[in-house]
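In the block that follows, a single chain appears as structure tokens, in the form predicted alone.
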Amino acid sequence: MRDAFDACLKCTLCVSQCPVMSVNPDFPGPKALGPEWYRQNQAQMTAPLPHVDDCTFCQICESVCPVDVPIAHLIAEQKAEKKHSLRVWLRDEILARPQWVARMAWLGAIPEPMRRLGKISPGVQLPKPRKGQVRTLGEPLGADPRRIGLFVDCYSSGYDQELVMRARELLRIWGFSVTLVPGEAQCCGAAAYAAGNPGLAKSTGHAMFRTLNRKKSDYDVIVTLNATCDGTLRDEWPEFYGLQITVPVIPFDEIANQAPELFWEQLASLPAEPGAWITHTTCRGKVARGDGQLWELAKRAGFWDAEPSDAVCCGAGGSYAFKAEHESTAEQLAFRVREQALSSEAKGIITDSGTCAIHMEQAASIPARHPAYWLYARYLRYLEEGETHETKTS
């Protein structure tokens, strides 16, 4: 990476696509903060620029760079050199370790005095942990010899066990045997890298890699529930962490499209889900796999009036939206989702990240959930009503 900064062509494609620049006129932009700053720093140890922390680490800039300059990662190295006050440093150290936050989910809401002291945004509230009952969906509809390691990210581990159980039950009826990995609240390192702590990111990632390696005899494929973790394990680990997972890493929406045809036929027997819906692929998901998979999955599942999100980045950015100094930028980035939801009278948002879901749900005032949540709910509806619809159809 240290040789890549000099490949910059100064084409400014990264500048034109940066979501933060579109709402924050004070933000210098990815070209200035990435390769240009890094070039100067290598020559004369230039101090970090103002507003470098306003980068969300969405990596859209890297995805459009014609010469593959790792712009966001260069910006992360600049973030690492910036000095902060003790309370901001302490807050950032905690938020860079979301596995800690996940283990403390039972504490509930952060008290207002602690929010002010730690400069935590008052606009974004962590939800109460979801531990709803998940009933069995019946006998498997097929058989697949692949053993799934369902990757439980730190957010889902602490705040959304209901989602984990819904996803696990869907995988079971699709014919897979499922093991939850890593089995405890751990982090892939993405949060630390985004916060400008590459050293912590790599040590955190290596710790999780060792845990996954100890369990590798239990699975043939890793299925992820969070687009950021998906991109980190599959793309970031080999390139920036020096880690290589020897089994395929597949996002949940991709494995869902491989479900037995009978599953889709049964869902197709139901009337379409009423009203408009929004599908939001996280920025890291767009970088790793492009956009459109969630929209296609939603249509196939019966959410016929689904439309892709108008927002390139919703502003969540891992822990970005939880920091008081980013509140205005995060709100403006989420504004497009809010406006889209209001104009279309959307009933819900389908997204592949827990933190994006928190941010958009509070911005748009409609439920935002993972595709596994909605698929489970729709199949449960089939079990309760399906025979009636099939009889009417025949």
Partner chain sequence: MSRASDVIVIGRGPAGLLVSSLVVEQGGQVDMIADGLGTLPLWGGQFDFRSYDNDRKPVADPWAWWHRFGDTHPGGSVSAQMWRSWWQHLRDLWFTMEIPTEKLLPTKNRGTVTPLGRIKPAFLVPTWQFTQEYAGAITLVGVPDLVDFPVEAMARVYTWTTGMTAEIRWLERSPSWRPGWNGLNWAWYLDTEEGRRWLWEQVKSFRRGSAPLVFPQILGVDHTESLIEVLGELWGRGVAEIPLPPPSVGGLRLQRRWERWLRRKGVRLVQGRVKEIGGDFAALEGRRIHGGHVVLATGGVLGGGLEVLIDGQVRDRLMGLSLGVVKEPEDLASIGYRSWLEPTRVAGSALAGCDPNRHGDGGAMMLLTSHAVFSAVSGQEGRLEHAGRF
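Numbering follows the first chain given and starts at 1. Worth saying up front: this structure is predicted, and the values here are computed from it rather than measured.
There is another form of this protein, the form predicted in complex with the partner chain, and it is not shown here; the text below is about that form.
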message: Is it the case in the predicted bound form that Ala102, Val164 and Arg369 each bring at least one heavy atom within 4.5 Å of the partner chain?
response: no
task: Just one of 254 to 262, 118 to 126, 178 to 186, 137 to 145 has residues with a heavy atom within 4.5 Å of the partner chain in the predicted bound form, so point it out.
output: 254 to 262
field: Candidate from Gly292, Pro274, Gly242, Gly132 lying within 4.5 Å of the partner chain in the predicted bound form - any heavy atom
entry: Gly292
- prompt: Heavy atom within 4.5 Å of the partner chain in the predicted bound form: which of Arg97, Arg172, His206, Lys286?
  reply: Lys286
query: Can any non-hydrogen atom of Glu112 be found within 4.5 angstroms of the partner chain in the predicted bound form?
result: no
- request: Report yes if any heavy atom of Glu296 sits within 4.5 Å of a heavy atom of the partner chain in the predicted bound form; otherwise report no.
  value: yes
query: Given that the partner is absent here, does Ser309 sit within 4.5 Å of the partner chain in the predicted bound form, heavy atoms only?
result: yes
field: Touches the partner chain in the predicted bound form: Leu380 (any heavy atom, 4.5 Å)
entry: no
Contacts with the partner chain in the predicted bound form, stretch 325 to 341 (heavy atom within 4.5 Å): Arg336, Gln340
